[in-house]
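Next up: the same protein chain in two forms, each one alone, written as structure tokens (structure 1, then structure 2).
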Structure 1
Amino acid sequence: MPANDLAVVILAAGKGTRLKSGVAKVLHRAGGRTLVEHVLAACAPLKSRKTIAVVGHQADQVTTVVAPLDAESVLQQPQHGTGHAMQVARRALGSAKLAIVLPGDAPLIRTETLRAMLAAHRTANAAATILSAVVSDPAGYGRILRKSETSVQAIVEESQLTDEQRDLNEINSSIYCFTLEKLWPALAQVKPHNKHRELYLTDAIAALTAKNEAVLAHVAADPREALGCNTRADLAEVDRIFRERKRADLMNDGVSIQLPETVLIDQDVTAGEDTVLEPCVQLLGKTKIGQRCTIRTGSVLSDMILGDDVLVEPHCVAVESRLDNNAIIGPFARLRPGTHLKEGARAGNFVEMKKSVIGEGTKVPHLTYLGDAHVGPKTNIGAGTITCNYDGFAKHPTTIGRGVFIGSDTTLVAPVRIGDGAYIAAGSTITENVPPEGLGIARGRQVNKPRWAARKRRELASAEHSAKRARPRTKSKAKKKKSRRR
């Protein structure tokens, strides 16, 4: 059966009062994406003729998120309930015959479940189908009261439950499928029943059952698919579920993860066989990791590309950069966007790189900043090397050749070029190019002043002694001392 009689409507207008937030409910994040992006991702494979997002709170921000995912925004202003939201979406629904309606904060819903609900709806030629879930703790949810094995008598709200209904454990997920030519008249006949004049889809369902229209309940395979995000605790729980699923996927692909509950991985990350993730690692964005890599504890990789056999030592922070096979970084390396370590290159502790290319086998072991630098292969960069790529007015490049030795504490004032095989003496500030195989040196000559320190100490001691005699009562320093233990 062609799906082009189908539309999807995502209810994304709500504020989410219990989240206590300045951000619209559906824009909160779990598993590395906004809630509404998860819902859109689950609906996309249905290939409906149209996806409509009913927006309200922070309408512009929500539209900005959903528009690139091919959802048309329709403004519901003010928000008078889910039934009203459907009325607002009516014109945009055009000639669609069926609509799947979902709250924008149900991020765990899966495509398979929507497909099964839709198939059940079509097969029974139903007016409405409710996605239900059987849960161990139904408190707080509307319950499904069935009149037969397949069909629904009513959705009973928590506050309306009789004592015996309180044990019903089949709940309403607030995800529905409607045959639209049945929905509109039912909605039209519902009276707004509170002072806010709100109109609910559950009332439309009551109207349909009153008319003896076929209303089904389809049970979700996994009750967690019905989870909404009303509180920060809900958000944390949903996030936990996404993270757990993702870790399980990577483990199935041959990745080892230590203390998995402490590791946070975004949906789009990939990693190859025999890669090991230590505790407290974060892999974010579209990070791609090869085989046999080790990512040690506390490291955070965002949108990184790693080859095979790469070692990331503890506590590295790296973004939008590339590490070729056998590269080693860290501990405490920080790679900013546009950095590329070629095969076997190393960036060690307290090293920052930005928009730089580091040649094969080149070592940058410690306490260094390389920005806008191009370094050839087999070069050694001493501790304390700094590229002065910014002169307060503009950025300039530094070029270092192959097989160069940059002595420690070298300052390279860009633009500057160090030729192949050249040598820079430690402590130099290099402002002019150094030729290949040459030595560049730029530092003061050493002078020793014998007995200077002993004399200085005597002077200071006698000055302090005089001062003390002048100030008869000096404050003790003792009270400045504090325990170093918390």
Structure 2
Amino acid sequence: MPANDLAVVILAAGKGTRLKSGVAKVLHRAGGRTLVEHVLAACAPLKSRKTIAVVGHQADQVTTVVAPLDAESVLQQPQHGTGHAMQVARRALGSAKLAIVLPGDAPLIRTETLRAMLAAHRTANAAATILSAVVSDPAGYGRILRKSETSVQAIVEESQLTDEQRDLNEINSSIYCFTLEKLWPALAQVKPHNKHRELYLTDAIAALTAKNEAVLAHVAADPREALGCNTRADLAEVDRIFRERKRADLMNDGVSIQLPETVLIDQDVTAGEDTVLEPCVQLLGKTKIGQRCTIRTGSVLSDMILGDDVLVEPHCVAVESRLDNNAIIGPFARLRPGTHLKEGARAGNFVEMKKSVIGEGTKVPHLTYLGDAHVGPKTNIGAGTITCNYDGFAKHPTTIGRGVFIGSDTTLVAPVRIGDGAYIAAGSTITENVPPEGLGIARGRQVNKPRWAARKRRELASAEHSAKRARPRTKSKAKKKKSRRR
């Protein structure tokens, strides 16, 4: 069959009761993505003619996540089992001949595994192919009962296992490939004869085997791919596996990671050769890091773009910003969204920036806040400088030109412009534009009073002496004085 006869169906309608959460099961996160995003990412390279997400619980929120990934949502309301979900999706499947069906909470599945299962299904011209896994502890999973090396006799749920069958350790992953013209008649025979009164795909497979249709089981090379996320412990384990995989991938690509088990990296993060990640670093979202960068201990970067040879000193927090080649931030710097440090610029310790552009080679060494600012190249911003960008009603910009010197403890009240080559005297509050090459001073004139301190100390000493003499005498002192008179 041609590849465009393939459709993918993601079963994403469940609530996930055992997670004890108000969030739909497939919207829980592991490895930096929602569970359903991982499943869709694995399916995307298959280039199916259509991808369908069967949604139910929190349908609108799930649709918002899957729609950008080219998945069409179909509402299952109410939810009456996996077989019912396929019936709901039938019209949307159109003329597709084959369907790969996956639960939306199987995030560890790999594209190569799905391809291998699909190839086995096509080769055998099977009615159904089950992705199975051989595990050391099969508790909680349905078991695969084989009638030959390749074909399946039945899927036996754990509650129905005989004593002999409990030793079986090949489990059903709930990931299937179906030939649809075989599935629909079998599914029509399924009745909701169970305590939940639901229709299950496993019962459709039983109907296929009863008709002697070819039902295969393809064993996943990595049994972890069969792991679902039914509990918080499952989520934590899946997240750990994703982090482990991602660190291994980056190290294979030439990134050095010190104490890897302490470093948290999301799936969509990239990093270039000879970059070094020190312990306790977090790289989140779609962060992209160039070559030969160093990210030091305790720094958290989220949706950042870093050029080559960037240095992030310890304990920086940076979000949705850009650092060009040779930029330096930190230690203890905070970059809020919309910040851009151009080549060779520096934001030092305890510097905070928001929606600001810092020119090439400009230095903001320490203890500064720049918000809604545009700073030219080769400028120096002294310690304690702030841009007052908010007047209580709206945000206003500050523009600082090329080669400007901003003295320490300067307050720039926006909107204001500082021209190229200008100087701002330390301690100034600047409320008006400063022309190029000008000097801006906005502070009270200093007055020195000779010997003032000495006089002040004498006055204080005299006042203290007078206060002591004016204090009432204590009772004991009065008694002593009376006895001396006697």
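Throughout, residue numbering runs from 1 along the sequence of structure 1. Only the largest set of C-alpha atoms that superpose within 1.5 Å between the two forms is called the rigid core. Nothing here was measured: the structure is a model prediction, and the numbers come from that model.
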Inset, instruction - Just flag whichever of structures 1 and 2 is the form predicted in complex with another copy of the chain. - result: 1
Legend entry - Displaced residue check between structure 1 and structure 2: residue 356, CA, 2 Å or over, core reference: yes
Legend entry - Core-superposed C-alpha of residue 142 shifting 2 Å or more between structure 1 and structure 2: no
Legend entry - Rigid core superposed: residue 433 CA moves 2 Å or more between structure 1 and structure 2: yes
Inset, instruction - Let me know the CA shift of residue 457 between structure 1 and structure 2 in Å, rounded to one decimal, core fitted. - result: 11.2
Legend entry - Value in Å for the CA shift of residue 448 between structure 1 and structure 2, taken after the core is superposed: 7.9
